[in-house]
Every structure is written in C-alpha cells, then in structure tokens.
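You are given structure tokens for the same protein chain in two forms, set apart as structure 1 and structure 2.
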Structure 1
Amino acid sequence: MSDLDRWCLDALSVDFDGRFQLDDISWTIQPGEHWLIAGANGSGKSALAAVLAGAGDRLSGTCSGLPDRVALVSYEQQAELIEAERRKDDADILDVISEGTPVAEIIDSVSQDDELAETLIDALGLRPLLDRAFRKLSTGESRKVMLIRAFTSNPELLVLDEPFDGLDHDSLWWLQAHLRDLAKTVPMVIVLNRFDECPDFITDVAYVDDGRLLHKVKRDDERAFAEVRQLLHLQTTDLELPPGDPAAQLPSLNDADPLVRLTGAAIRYTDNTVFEDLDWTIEANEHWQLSGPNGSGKTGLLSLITGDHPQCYVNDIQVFGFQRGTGESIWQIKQYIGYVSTALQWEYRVSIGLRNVIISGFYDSIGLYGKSTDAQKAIADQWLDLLGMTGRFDEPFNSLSFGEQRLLLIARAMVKHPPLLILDEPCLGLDDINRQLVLALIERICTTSNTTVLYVNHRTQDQIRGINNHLALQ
C-alpha cells in the first residue's frame, strides 16, 4: 500500500461559520477500511463527516489524498437542497406558481449511471414520485432520493450521516443489504447515533467529543469497541439516576450543620507532619475539588473525614453532626458517605456478582454479608442499565476490566444517594476511554442528584462541570 492510497487529516482544525469548530483532527483512512463515526449529539461527528466532503473553512493543519468524488448524504445537505429549491421558487419573478424541480431531474442531474438509477428507483419505490417536486417529498422520501444521488454518482468515498434515520422498515432492510454489497468496492464512512445499528462491514470506529476526534478503535479489538460503545451510551442515554432505597432511609441530618467541619486538623507521624492547622468546612450542595502534589496528604485528609484514618480520633472533626471520638461508631459515619478510590478497588477483590457489588453500597461493606431486598436488586439493575451493562448482574466483579470495575464502584458509592460522595482520584490508572466514561458518570451525578461531591484529582484536564470550590494542599 502506498502513501498515495490513503487519506490523511493531519492536525486539522476547521471552522463552521463561527458556530462550531473541529480541533486538531488527525485521522488516516487506509484502503479497505470502513469507518463508523460515533459521538453524542453536538459532539461534531456530522461536522467531521462533512469535512471529508470538503465542508468548513480550514484554520490549520492539512488534509491530503482525499478523493475528488466524495458522495455525502446527510440531514444538513438534504435540508440545503430543499432550501435551494424553495429559494428558486421565491426568486421566480414570473407570476406563475412553480412546481419546483421534479425528482427525476434531481436524480438525473448528478447520476453517472442511468441503468443503476432506474434499478434503485424501483428498489426504493420512488417510481410513482418521479414527477413530483422534490421539495414536496416527505423527509423519508427525499432521503431516498439523496441516497440514489449518492450511489449513482460513481463515488470514490461514500459518507453517510445517519443513513437509516427516518426510513421505513422495508427500505431500511434494502439499504442495509445494499450497503453490505457496496462495501466490497466503495470505502464508506458512516455516522450513527446508535451502536446497535452498526453494519458488519465497519472495520473501525472514530469517537468524537466536543469537536475532537478522541478515539480510534478497531472493530475487532473487542474490549475497546465495547468501551466506546459504553461511553456513547453514558453520554447519550436518557436514563436517570436510579433512586435510593425508600426502605433504607438514613437518619436525617440537621440542615444547620455543615456536612464536615475540620478545625486545625493535622496528620502527624513520629518523624513527619503531613499537614497541620487545616480548617475546612463542607456545606451541603457545595461541590469541592481537592488537589495537591503526591504526598501532600490528600488521601489522609479524606480518610480523616471517612473515619478510616486512626488520627481522626485526635483531631477536632465534626461530621454529619457527630463530634468524632464521643462514642459514635464508624458505621454511623460511613452510612452518610459514598467513597471511591483506587485503594478501595484494590481492596475489593471479591468474586461476587455485579448486582451484589452495587447492593453492598447500601451496607458500606466490601462484599455482601446481608440479605438484600427485592427493591435493592431492582435499583442495582437500574444502575447496570445506566452504565450500559444491562443483564450482566451475575458476572463476577473480578472478571471485569479495571475501568468497568471503577464504574461499578461509583455506582456502589452512589446507590444509597449519600449526602457526601468522595471520589479520590477516580480516574487514576484509567486509559482515555475509561477516564471519559468515569467523568461522564460523575458529571451526571453532580448535575442530577442532591449529593455533595468531593473530588480529588491533580490532572487539570479532568475537571468536572459543576464543581466550583477548590482546596489545594501544598
């Protein structure tokens, strides 16, 4: 394969009328590849597809080897054509009501293969509509016309943005079969909202988020493929956070008390002081980010709050209305806290099923020692749905990938809707996709629950919308 055969976008940034921008796109399409572009709404996946057909104004970077004949089918381009037809009408100075361009002419004007056009017209049932004005067609009908135009234009590259949208059942079947056939000779890039429609011939997936091409994944890399699919699910699902368990209400907190108040807190060992004189108050619904270099005591500080640090008994700590060291038990504290950290994940070396891992959050235990209720099981299953892990309730926790385990532990921490959720470097040790999965989940929690989030991270790029307070340890 020579360099000439492949199509290359290199550090390309493209502007779309100042409304939207694609940034720093580097992407190579090799001969024999068929790509799927995936991403949430507004992520820029349609824009990326359109760039292949020459859309947008290039700001920087290069684009090399792209073929001349790129056929694009997209909602935008369909709308443009209809709009152009309308304008033709408006521009008509004759006092005659225009019928608009008939379908036959719309097809003819681009078709390079009339025989093929005839076949496709029959296949898609457009023959009765050939004389109808294009702009008068329904969306589905005009979409079919756009497809025929693309197929008959003798394309070197087919770019299809949501080709299955709005098609009736029979046409959908036909189109899928046709694309499968066409894939043998024509390279394709297809934009889809839903992974379950992904055609078999797709070899690669490009994942777009916020105008950037974030992941390129081979179809046969099953794990990465599943992760991208899960990420798309988490960013697009309209499932809500499952509710708490009404039968397991926490003893209610006094609204006047802060969740946490540390006064002059310190952690000291015989030969060093990690920090001292630290005052910190966390009020309900004030999300906090805690940062600081390694060894600055971030985890130590958190564990003073959770009660996992033995020196919580020699500090002036008030949590959830308890002054520490006055006869309260650690379980009375922990019931108000959801907690996730890498250390917890190391500790959570159990082979119980995923559903039980989530339920263990109701009991603040590692592993499940209590009998769970049917209501709790149902809630756990809703969490699995939200995570895009529907039906996997019996899978053993320790067989999951590291990233999936992390998601599960976040669900476990949130299952009881604790007043305080502590996330200690929740992205640590995760690759890009998994990091985004975790961030997507946390963002959902921050924006749609009553839980106060305390988030520890020193990677500045992993910021979370909705967290406005910041404590930095030195």
Structure 2
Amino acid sequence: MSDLDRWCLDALSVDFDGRFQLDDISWTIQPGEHWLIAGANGSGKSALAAVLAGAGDRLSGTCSGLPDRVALVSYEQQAELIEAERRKDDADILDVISEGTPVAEIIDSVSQDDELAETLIDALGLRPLLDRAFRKLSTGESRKVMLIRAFTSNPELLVLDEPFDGLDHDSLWWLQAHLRDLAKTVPMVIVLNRFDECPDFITDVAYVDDGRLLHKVKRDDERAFAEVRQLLHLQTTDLELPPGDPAAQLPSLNDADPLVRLTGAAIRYTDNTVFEDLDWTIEANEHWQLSGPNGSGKTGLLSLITGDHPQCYVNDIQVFGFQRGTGESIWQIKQYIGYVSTALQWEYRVSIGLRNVIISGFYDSIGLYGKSTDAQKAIADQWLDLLGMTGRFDEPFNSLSFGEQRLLLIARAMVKHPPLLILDEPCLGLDDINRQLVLALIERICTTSNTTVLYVNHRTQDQIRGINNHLALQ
C-alpha cells in the first residue's frame, strides 16, 4: 500500500439480502493502518468487514481504491464453501456419493505460494488431514484451512472475522505471532467480539452499532480507546446487575397500587399555565420516556412526583401508595426513588473514591459520612465490575471524565434497587462515546432489573430498547 493509496467508503449504504443493512458508512483506511471492527452482537461488524471484500448490494454511496486482492476469512465464507461442496453431491446425476473435495485441493485452488502453504500446513497441524474431505473437518480444522487459503493468496488486504474462534491453544498462539509478523507488510481489518483479544499491532478501532459506523478511534488515544472498551463491556458482558443490600431493604409496596398516578395534574403560575389536565399512570416494570421542548414542564412534572414542587399538594397525586397531602413525609416518598440529573452531578463535588460514591446511594447522600458495611463494599465493587471500572475503587470521583461520572451516579441511584429510577436528561453534556455508554447502562437496567425507569430526554435518536411507553409534553 503506497503513500498515495487509501481506501475509502463514502456515505455507503449496503443491503444484505433484505436481512440487514449498513447505512451511511464513511470510512477511510490510510497507509500503515490496521483496524479492529468492534461492536455488540448483531451490530453489523461482520457486514462491514464483508463489504471490503465486495459483499452486499450497494444502495447508495461509493467505494474507492479498494484493492483487487482482498482475502476474507469469516464464518459466512466458511459456510458458503461447505454448502458449495454439498451442492456438488446434489448435482451428481449418477447417484454416486462424492467423497468431497480434499483439503489439499481446497488450499491449492487459491494458493499463490506453495512453499508458504507447506509451512502453514505443518504449523497448524493439517498435514494428516490433506486427503480428508473439507466438509468433514471440524469447525476449528476448517477455520485453519480458511486461514491458510487467505495467507497464501497474496492478499493486498486481509480481512479476518473472529480469526481466533475455534482454535486450540497452540494454534491460537501461533496465529497471533504470525499475524504480528504479517502486519509488517499486509494491511489488516480484524473483527472481534472479545476486545481483550485485540492484537498489539492494531492502530485504529471502528465501533459499529445498528448498521452504522458511529466511532473511529486511534489506538494511541488512550481515553477514547478506554471508553470504547468500556462501552463494549457494558453491551456484551454477561454480568447481571448486582443485588441490593439485604440489611437495608425498602418497605414493601402493595402490588395492586401503581407506582405513580396523576389525575388532572396541572402546574400554573399567575401569568402562565405550563400544563394542565394531565392524567398519567406509571405501573411497576413499565418503562417510560418523557420528552418535550424546553418550557413544556418536564422538570416540573418530575418534581411533582418527587415532592419537590410546591404545587404537588394542590394536585391529585398518588405515589407508592401514598396520597399526597395526607401526612406522608417527603423522605417516605424519596426512599423509593433513584434520581440522576446534570444538576446532581454539578452538586456532587466531593472528592471521594468511586466505591464510596456508589455506597452513598444507600444513604441518599452527597458524599459518605458514616462507616460502610462489608456487604455494601462488596456490592459497590460488583457495580464497578459491571461498569468496566474493576479495581478503581479508591480513584477520586472528580478525576473521572464527565461521562464516567454520570455512569457512577446512575449506579449510585440504582444501588438500593429503587422501584422508580428517574433519569433527567442523563445524556446532556456527553460526547458520542459517553452517550453510548450511558444508554447501554440504562438499557441493561431496563432489561435485567425490577426497577421502573422514567427516562427524560430531548434527542429523538437517544432511544433505548426496553422503553416502550412515551409521554410527550407540548
């Protein structure tokens, strides 16, 4: 790849048999770059890799400069080759069952370097299998054959989709070393589900979600690289939300009561009616998105629920089984609510460690002023694990990025597993990667907990899977 060469996808949209679509992909691979394509399952990683090898039906946009010799190794290509072998049997008019194409012939059909092929065959332990039919190999064995075909085809670009899957320990070690050596002369694009397998020669990361290329990050940008790693951790980890503290259980609620019921609610001032005649019921495990323009009353509506608005006592409001204005205290209400907002983040300026920030959620305090229990420390550490912050329990809160602080405050709000979690513009002030981090955590809460989420936002694109109810103020 000369200094004059670069490979460009410009506003490219590609369809894959009506099953999946890549949209508006703009991406440039410069000389000397090796890329990792990352993203959650189903995000479009493999589709993007396959486009470099000419797959898919182009709907719009352009590709320029892509080389003629692109070697692709993927499960889809592997399956296509096996299916082609099966079709040979179907086409046999003499009803003679074919033994299938032997491994040696499968390799020879594309190899441009017989000496290298022989070396790789021995290195990957395929010598005893050369006469065996390709379709009769195990998944790991057939993956080795696909790798040898790619390496010996004299590629100008090597595209490897999950190259380490299915390989035994010795083969995996050999492949990692071989790729490191090959990277000195051949550009590579590698797709991985496990971010911790990222080879050290990778220079750039492309993060894909829902068929779109959302982030392009340089490997040496330590902050951005760490944020992408954390985002993938939140999206792909199998960890469930940590449990609550058994010693600090909230008083139980009546299952027959809604969490919140407003009847004919209104906020009025002398010269302005913010909203009126609002009926709204929030049932347990019924997630809501609240939206509306500035001045529509979103924050005022939230404060009616939390009891912070003076007009909550002149409205017909039932919260957690309490009818407002019948002698309940504000703390009886707030014990059932977790709350996160930009204003809270501005107020949370105490310089304490990350573990203690989370533990402070048990006490609804800004800072921690009492001694925490061993159980609370263990729960907080589990939250740090979930957030991709393992081992950072003593790191000062005020040293974190704005987005990381927001994640910690959501964990703080969730640590007691409140029946209702109110997130007031949780993505406000965040860059794209940190916004994705926060949305991923909220989605995890919606899908793996019994907490009902009330999510307030302005941006229509900040949708969260699991939130199916919407109240729009005018």
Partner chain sequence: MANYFNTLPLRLQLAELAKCRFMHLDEFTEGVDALKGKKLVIIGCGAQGLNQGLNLRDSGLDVSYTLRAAAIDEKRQSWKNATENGFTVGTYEELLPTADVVLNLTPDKQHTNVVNTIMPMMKHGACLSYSHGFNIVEEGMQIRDDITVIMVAPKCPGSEVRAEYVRGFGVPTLIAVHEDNDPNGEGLALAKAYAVGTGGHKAGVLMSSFVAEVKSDLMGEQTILCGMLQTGSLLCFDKMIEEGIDAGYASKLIQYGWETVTEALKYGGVTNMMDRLSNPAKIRAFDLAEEMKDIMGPLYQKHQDDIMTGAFSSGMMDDWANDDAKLLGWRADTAETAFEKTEAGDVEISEQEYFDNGILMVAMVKAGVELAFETMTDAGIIADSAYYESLHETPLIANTIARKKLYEMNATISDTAEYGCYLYNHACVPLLGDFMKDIKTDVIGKGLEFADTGVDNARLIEVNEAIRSHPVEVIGAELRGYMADMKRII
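Computed from a predicted structure; not experimentally measured. For the two forms, the rigid core is made up of the largest set of C-alpha atoms that agree within 1.5 Å on superposition. Numbers follow structure 1, counted from its first residue as 1.
- The form predicted on its own corresponds to structure 2, not structure 1.
- Superposition of the core reveals a Cα shift of less than 2 Å for residue 247 between the two structures.
- Superposition of the core reveals a Cα shift of 2 Å or more for residue 262 between the two structures.
- Relative to the superposed core, residue 318 shifts its CA atom by 2 Å or more between the two structures.
- Core superposition places the Cα of residue 273 7.3 Å apart between the two structures.
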